[in-house]
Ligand code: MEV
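First, one chain by itself: the form predicted alone, in structure tokens.
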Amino acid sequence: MNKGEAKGKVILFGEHFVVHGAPAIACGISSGVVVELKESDQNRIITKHKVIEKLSLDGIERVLAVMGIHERYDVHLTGDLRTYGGLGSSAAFCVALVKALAKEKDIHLTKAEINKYAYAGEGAFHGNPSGIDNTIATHGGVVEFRRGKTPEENQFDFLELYKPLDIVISFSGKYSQTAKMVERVKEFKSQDEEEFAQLVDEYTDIVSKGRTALEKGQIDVIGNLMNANQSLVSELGLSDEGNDKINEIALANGALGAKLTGGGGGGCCIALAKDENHAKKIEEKIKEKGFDSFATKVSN
């Protein structure tokens, strides 16, 4: 069977503020998905991961259509990336699918083409996706992203990490209600435009300092900025009890920084560790409290 692979992502800085014109920093992680194909009489998604079959099949159909492929396939999904919201799993799936289909048809695709075809598949999962997830899944690395009025106007600036980061990703046990959280931010903004503008300014400063810290390897600074970012999303009412509990456990066990990643209101949190061994320790402590957790890396 022909195979394609792609990695997941986390948002290091920038949940929600990116919707309102501020930049965000997203990072590819070492955890990813594997897609293997076998020609079949109809399209099927075969996996032990938790997926929504209808959306997965729609994504497969869209990728096949945009690539001009008329055959049908059993699509086997494996890998160590959880399918929780906020980790870019659907985009990684689409990118891996495009790569596997390219091998199946013996065609060479540029990264730009892989990204374009995967974006078409992402539409099945997210309607009008920003493009950041499929871009990270295609290219990897660390990106400063600024959303445009259309996907074509999105701006991506790839950063050079001074050194890899060891992080721990933990699931709150509740899937993030992203649309609900987006509406909460809009409501906050409408009620106090001046306060919201101040938060955006504070956040933009976090991104600017975060970029410098990433490029210089200032791991303590990165952790402090993650905590500052978490304070801002908490002020907006986006961090629920599960998010707060995970972050509390991580920080109590020496994490340099901890914050939610993605939509909030549940979903996943990330914690920055001092090194790989420290990440494993944090992972185990969070697991002891009943949350699914795994260590991974951010690198170039």
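Note that residue numbering follows the sequence shown and begins at 1. Take the two forms, find the largest set of C-alpha atoms that superpose within 1.5 Å, and that set is the rigid core. Predicted, not measured: the structure shown is a model, and the values here were computed from it.
From this point on, the text means the form predicted in complex with the ligand, which you will not see here.
Among heavy atoms of A102, none comes within 4.5 Å of the ligand in the model of the complex.
Looking at G223, you'd find every heavy atom of it more than 4.5 angstroms from the ligand in the model of the complex. Residue contact check for V182: one or more of its heavy atoms lie within 4.5 Å of the ligand in the model of the complex. The closest non-hydrogen atom of G28 lies beyond 4.5 Å of the ligand in the model of the complex. In plain terms, the part of the chain that comes close to the ligand in the model of the complex, with a heavy atom within 4.5 Å, is 257-265 out of 257-265, 228-236, 242-250, 65-73. Checking H126, K174, K186, K216 for any heavy atom within 4.5 Å of the ligand in the model of the complex turns up a single hit: H126. Taken together, H16, D133 and T178 are fully in contact with the ligand in the model of the complex: each brings a heavy atom within 4.5 Å. After superposition on the rigid core, the Cα atom of Q230 is displaced by less than 2 Å between this form and the one not shown. I136: CA moves 2 Å or more between this form and the one not shown after rigid-core fitting.
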